[in-house]
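Consider the single chain below, provided in structure tokens and representing the form predicted on its own.
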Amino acid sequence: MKKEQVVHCQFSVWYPIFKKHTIKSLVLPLPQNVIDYLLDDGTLVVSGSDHNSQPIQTSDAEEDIQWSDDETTATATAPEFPEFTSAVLEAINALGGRVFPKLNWSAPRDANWIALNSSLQCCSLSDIFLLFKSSDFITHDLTQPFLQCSDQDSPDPVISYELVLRKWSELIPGGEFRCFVKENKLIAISQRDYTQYYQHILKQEEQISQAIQEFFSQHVQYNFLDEDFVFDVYRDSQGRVWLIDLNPFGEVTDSLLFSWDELMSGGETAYQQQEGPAFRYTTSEVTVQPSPCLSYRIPRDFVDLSTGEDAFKLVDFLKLKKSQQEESEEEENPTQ
């Protein structure tokens, strides 16, 4: 995988080529101060003054909390980006009020756990920032996009980072498939959500494979800038196939139900033997697995504390810290 291949898989590069066959989207330049904010490792404070603030109802229990007079309490505030915020809100409204956000390559799929609805659906800039600041995938895009490229000795291409907003669509995970292309031949198709069993895939295996092959030959083959690449598609309930994303042909892209050794060395042989791409999917409920994104999650209580979602948990936490502090002081100063 070369750095040039990674560059070619940026959304703004391939979207104009396949615009008629994918979801309506808008691309906005990402200002440097926004990039700096996304990479800031400090306390997560969500920026974007595009939500109406709801007052938090206090309880009598909160009155029991005593704050030390000799300590300075600093209120964490997020920077504001008025022009960028305005542009984002305008784009969201133009796309129907709900969007799926991503950067040049990646979407924050590893951070949906932190959203209130556990979804990547966003209606405001603050929704987007919450996901982006919690995502390792986004950090990778911003800091190490060429990490696994073979031509490390060559200088990194200059990247203009962009916020991609895609019109929100309710996609059924069982309709998503990842397709692997080598030397402009479709050599393999994998169920995208391979951790789950979908009965309709088993029943419609031939129709699904044929529909994807026809879509590839009619709309994708020889139209992309590289001859080795990976593309994701969605087959809707009417049998129509839509292009969802393009990715580099290399280990930076999840090979799902295949291995990269197979795809790199054996893909051509498999293609010739089957006279078509190998198609793999989860064949029974016995093989269902946990989602790989679970490893990015943290306990829900931590999320509630960090976002202020549950004020009572915060009160209990502060009481516990106060009690621990008092016990520590008693141990250090025992009664004579």
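In this text, residue numbers run from 1 along the sequence as written. Nothing here was measured: the structure is a model prediction, and the numbers come from that model.
Omitted here: the form predicted together with a small molecule. The next part is about that form.
For the candidate spot formed by Cys179, His219 and Arg235, no residue has a non-hydrogen atom within 4.5 angstroms of the small molecule in the predicted complex. Interface residue among Ile128, Ala188, Val241, Ala107, judged by heavy atoms within 4.5 Å of the small molecule in the predicted complex: Ala107. Here is the short version: of Tyr194, Phe258, Trp168, Phe249, the single residue with a heavy atom within 4.5 Å of the small molecule in the predicted complex is Trp168.
The small molecule in the predicted complex is not approached by Asp228, whose heavy atoms all lie more than 4.5 angstroms from it.
The small molecule is not drawn, but in the predicted complex it has a heavy atom within 4.5 Å of Ile23. Residue contact check for Phe215: none of its heavy atoms lie within 4.5 Å of the small molecule in the predicted complex. The small molecule in the predicted complex is not approached by Phe146, whose heavy atoms all lie more than 4.5 angstroms from it. Listed stretches are 207 to 215, 82 to 90, 147 to 155, 96 to 104; the contact stretch with the small molecule in the predicted complex is 96 to 104, by a heavy atom cutoff of 4.5 Å.
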